[in-house]
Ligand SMILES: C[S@@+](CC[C@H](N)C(=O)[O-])C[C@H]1O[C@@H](n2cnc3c(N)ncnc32)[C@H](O)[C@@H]1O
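Let's start with one chain on its own, the form predicted on its own, as structure tokens.
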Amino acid sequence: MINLRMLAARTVYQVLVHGRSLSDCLPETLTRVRELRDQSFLQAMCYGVCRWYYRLDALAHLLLEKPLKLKDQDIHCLILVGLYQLTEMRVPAHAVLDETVSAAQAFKKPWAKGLVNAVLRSYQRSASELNEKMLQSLVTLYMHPQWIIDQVQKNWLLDWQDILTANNQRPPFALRVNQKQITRERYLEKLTANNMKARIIPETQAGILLEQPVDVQDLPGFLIGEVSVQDGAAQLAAELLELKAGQRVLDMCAAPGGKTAHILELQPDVELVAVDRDEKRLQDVRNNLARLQLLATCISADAGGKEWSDGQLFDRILLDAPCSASGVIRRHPDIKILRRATDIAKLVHEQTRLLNAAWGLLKPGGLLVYATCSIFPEENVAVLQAFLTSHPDATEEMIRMDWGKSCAVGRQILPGMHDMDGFYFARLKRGLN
């Protein structure tokens, strides 16, 4: 029988030591587990350790007499898995100790069994004192690296504590109803009939929040394309395009395809081109479109290059720019571990490159929506201000909505606002001359 704690530790090891994302390495691990309940438990441990990493790691260092060597970081990860179960999961302590200690054997390091046992029992004996120590540092209190804490404090002086707290919450389970097939009201009735409590997301045209997450296969109408899983903030991108029949529309950096599909759900009578440089992720776009019975031209290429374009211009462009993903940490807690402060300047360079490329593809009079899932102004307002300064044919098309916060350019939704992820949006219109 496969030890779930061992699998969790190996997955966390991939994140901490090899820098892989949970989205990349966890699916491989889940294929080794048959029971849905065990898959959920394994996923909860992996996400939980990443979410609480900065506190768990500090606890581990206090409890270990000396840090483990690089070759034994798998055992360090196992200790983190054990500590997470003891601190945050409703697992009987004896089961935590038995199963986590047994997992050490699976690493072919029998000496580690005694160490893991000693560390976890030591935490049990001194939990109150150790937990008190965790409240004395911002890093262990808010469970973020210091550079993110500093950045959020600097950028959002009145909101920084709310943002960091929201980042550590489990994300809501949001749906987008395919109104090409069914109304939101009718779909809510279907959920009620299936004993699934839900409510609308009033800031959106098609959004619904489920009270409890479920497997997507259990969602009524999912397999025939009546609904998709998508955060409420992400649903705003397509709405901001103000689509009309007959338009030519470009979705840059389209994968995994949620916004691509939403464009066609809102306005089926457009010519849509979806471009993404990652062929594997572009297949996700195709799969999404197929399930929803929608059609688009999907191109695997660098959206900022010229080799893919046939020279025809677009009426509407959505640039969902690659970013720090600092607004979706609650969905992807490994971002706190994997992202570096030095990444921001590189991302700004890429965002600027893509924005310039997009502008060259936009018709005079056309509309461009710039979106990121970042809350850092360097990637958002600053990029747009610099672009507007250097492009006299570009003007801001104001977003006259009451969601989010108004910025010098565009609007910002902070994590947790309206039960949404953190997203930034701006609209630019190209002059006729």
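None of the values given here were measured: they were computed from a predicted structure. Position 1 is the first residue in the sequence shown; the rest follow in order.
One more form of this protein should be noted, the form predicted in complex with the named molecule, which is absent from this view; the next part is about it.
The listed set P268, P220, P145, P256 contains one residue whose heavy atoms approach the named molecule in the model of the complex to within 4.5 Å, identified as P256. Between the named molecule and the residues D162, E242, D72, D278, the one pair within 4.5 Å by heavy atoms in the model of the complex involves D278. In plain terms, the part of the chain that comes close to the named molecule in the model of the complex, with a heavy atom within 4.5 Å, is 248 to 256 out of 163 to 171, 208 to 216, 331 to 339, 248 to 256. Although the named molecule is omitted here, in the model of the complex all of D302, E350 and R353 have a heavy atom within 4.5 Å of it.
The closest heavy atom approach of D320 to the named molecule in the model of the complex falls within 4.5 Å.
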